[in-house]
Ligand SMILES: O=C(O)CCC(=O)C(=O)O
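Just the one chain here, laid out as structure tokens, in the form predicted alone.
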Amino acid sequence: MCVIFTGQHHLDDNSQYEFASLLGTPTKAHPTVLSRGADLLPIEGAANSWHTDVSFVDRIPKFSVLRSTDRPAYGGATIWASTVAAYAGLPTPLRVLADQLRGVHTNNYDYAEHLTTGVGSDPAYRAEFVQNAFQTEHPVVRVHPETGERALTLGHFVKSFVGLKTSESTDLLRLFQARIECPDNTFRWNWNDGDVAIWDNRSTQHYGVADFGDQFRRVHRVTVAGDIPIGIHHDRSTIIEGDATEYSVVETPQPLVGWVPASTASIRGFADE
């Protein structure tokens, strides 16, 4: 799920943080990158990579709140993909396979190499990004703690799948990511001044598109604490390396009473004036 609020010109960093606090307990800005602020992370450029925010820790934030502060004259859109829709659309053989897999996510892998625009291309930023190593083993299929929906937990923080060779992991990740990135599962937003986006990291991936040349693009992000993912076999995510207790508390989610999962297979975006 992704929700877009337009016309929020009155927001600044403090009020953005206060707004995010209404949705739960805010995390620190990032598990490793804190030189740019402890509570809110300014992001210059675009990640140019499909990912779920901070999935290399055991307590993946449930929500991200993103505010555009400086936008280029063209380009710089963000695309979201529904990992719930992607899972629902898998043919039975792939679904059975995904149900059995566990993936190792880390901050010191391919994602760091994809940070090639804006601040991400700064060697100092990369060094800070990987200064403390995190590795977490997540079930590839997690059960949403509130809706009960099943979603794929993947993206470019994935280093490998447990029990598989590197080449096999690479091929499988490419296969499942292609299903997630299918246009039928995606929602694209071209930013305007005053836009604020909120999305559920438990059921989405996103991609900041680096198609704006040498123009300046900056967004500010606040993340909200989430729970430890649980798979369909009641298997929880486990820590291999790193301690995220200073980054975030662990939320105890409450299932939605009377919730009936949507039958639609596509992500929806909402705008509010």
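Here the structure is a predicted model, which means the values were calculated and not measured. In this text, residue numbers run from 1 along the sequence as written.
Same protein, other form: the form predicted together with the named molecule, not shown, and the subject of what follows.
Enquirer: Just to confirm, with a 4.5 Å cut-off on non-hydrogen atoms, which of Arg221, Arg236, Arg36, Lys28 contacts the named molecule in the model of the complex?
Expert: If I apply the 4.5 Å criterion carefully, the residue I get is Arg221.
Enquirer: Give me the residue from Trp199, Phe134, Phe161, Tyr87 that has a heavy atom within 4.5 Å of the named molecule in the model of the complex.
Expert: Looking at Trp199, Phe134, Phe161, Tyr87 one by one, just Trp199 meets the 4.5 Å heavy-atom criterion.
Enquirer: At 4.5 Å by heavy atoms, is each residue in His144, Ala151 and Ile228 next to the named molecule in the model of the complex?
Expert: So, no: the whole triplet misses the named molecule.
Enquirer: Hey, in the model of the complex, is Thr106 touching the named molecule, heavy atoms inside 4.5 Å?
Expert: Thr106 lies outside the contact set for the named molecule.
Enquirer: Closest heavy atom of Arg59 to the named molecule in the model of the complex, within 4.5 Å or not?
Expert: Arg59: no contact with the named molecule in the model of the complex.
Enquirer: Going by a heavy atom distance of 4.5 Å, is Ala47 a contact of the named molecule in the model of the complex?
Expert: Judged by the heavy-atom cut-off of 4.5 Å, Ala47 is in contact with the named molecule in the model of the complex.
Enquirer: Determine whether any heavy atom of Thr78 comes within 4.5 Å of a heavy atom of the named molecule in the model of the complex, and answer yes or no.
Expert: Although the named molecule is absent here, Thr78 would touch it in the model of the complex, with heavy atoms inside 4.5 Å.
Enquirer: If contact means any heavy atom within 4.5 Å, which of 28-36, 241-249, 228-236, 49-57 contacts the named molecule in the model of the complex?
Expert: Of the options given, it is 49-57.
Enquirer: Just to make sure I understand: among 204-225, which residues lie within 4.5 Å of the named molecule in the model of the complex, judging by heavy atoms?
Expert: His206, Gly208, Arg217, Val219, Arg221, in sequence order.
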